[in-house]
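Starting off, we have a lone chain in the form predicted on its own, written out as structure tokens.
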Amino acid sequence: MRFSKTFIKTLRNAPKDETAKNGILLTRAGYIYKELAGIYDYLPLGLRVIENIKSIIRDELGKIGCEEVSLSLLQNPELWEKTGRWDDKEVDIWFKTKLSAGGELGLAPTHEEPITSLLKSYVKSYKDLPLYVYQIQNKFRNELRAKSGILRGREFLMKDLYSFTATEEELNDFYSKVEIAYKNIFDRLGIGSDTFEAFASGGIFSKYSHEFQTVTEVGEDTVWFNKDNSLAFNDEVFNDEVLSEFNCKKEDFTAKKACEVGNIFKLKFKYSEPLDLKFMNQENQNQTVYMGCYGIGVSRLMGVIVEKFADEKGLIWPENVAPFKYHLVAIGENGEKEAEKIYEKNENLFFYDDRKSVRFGEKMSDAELMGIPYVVLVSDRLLAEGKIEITKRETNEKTLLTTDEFIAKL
């Protein structure tokens, strides 16, 4: 990508109506554009980050046998009425719309009902199970609070995975596999050391669910950690009963602010029973399917990564999610000629600042703001010494190489 050929422009000042660090920096660096409170567009660089996060998620879910689908965003009220979740008194974050021919549709806040209904056409026998089906798709929730940048949006990108098994043992086995897959995902995204599995409310159908919480001061949740972080509880379940159950003392725990980036839930028959998802078991008896659901906030992860790693100069992307590995900066006539040669060797690795009317200082400020892992400076001065300069954005560590040495590294 060439800076001179993209419509992206960086901003020196923060948007007036944006208060969250992630929203401010992503907007200033040209990754997102704010339409309304909690509603953002992803520009070319931002979309590349999102796609890299999705790619890591797809890879880890593929390893445990999951299949990807894409379900409609428009929702049939009849399905949700069967589970009681169409009623605004039960679910108060719906976006609903009237049809011109009469009736209503909803914009999906989640997809338990439709995926369960869909599988009634495909699950007939125990031979059809287990099934693990996921999608990475936009969701819509009419949030009262939408002021944390992309950490909490009215439209947001989520990975929602659903398991369908013949037995509770199969459900428990897959649940454990997802726990490992999630830890691998967060490690690969660079936030694994600050992301912990915490006990949370299981609602009406299990004692506990589990949340994956990333420790950050901007988090909306309070999570209690023991001394070695091996045990964590969301504040909503941290009480005397839990302390007794786990043989713990409150003074052994410390409260920290955290942001929920994922959750896993043993649904059992919560949706399969009212929606009549059954199968014929080996004894030729009709049996209800066991279900689990497993979510990851994809766009929220992007915001959390910004909150964790950005500094006073701008964004800092881990290599696995960065839109490009190198930010190539050309200065001077010879610098521009040499930079062109480097860029043409592997265009997919470079965001190339080839702007001719922009001063050196502004180019370097933009490079720091945009946060691509390595800044490659090709200038007349450096080339006179036979070198180019590579600066690691995170540490500001500088390395001098010849052009040939750098191309060999590519």
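Throughout, we count residues from 1 along the sequence that is shown. In this text, all values refer to a predicted model and were calculated from it rather than measured experimentally.
Although not depicted, the form predicted in complex with adenosine-5'-triphosphate is the subject of the following passage.
- Heavy atoms of Ala322 never reach within 4.5 Å of adenosine-5'-triphosphate in the predicted bound form, leaving it off the interface.
- Mapping the unseen interface onto this chain, Met158 counts among the residues with a heavy atom inside 4.5 Å of adenosine-5'-triphosphate in the predicted bound form.
- Within this chain, Glu260 lines the site of adenosine-5'-triphosphate in the predicted bound form, having a heavy atom no more than 4.5 Å away.
- Residue contact check for Gly292: none of its heavy atoms lie within 4.5 Å of adenosine-5'-triphosphate in the predicted bound form.
- Note on the partner interface in the predicted bound form: the residue among Glu143, Glu170, Asp252, Glu245 having a heavy atom within 4.5 angstroms of adenosine-5'-triphosphate is Glu143.
- Exactly one listed residue, out of Ala198, Leu315, Met302, Ile296, brings a non-hydrogen atom to within 4.5 Å of adenosine-5'-triphosphate in the predicted bound form: Ile296.
- Residues within 4.5 angstroms of adenosine-5'-triphosphate in the predicted bound form, judged by any non-hydrogen atom, belong to 147-155 and to none of the other stretches in 278-286, 189-197, 147-155, 172-180.
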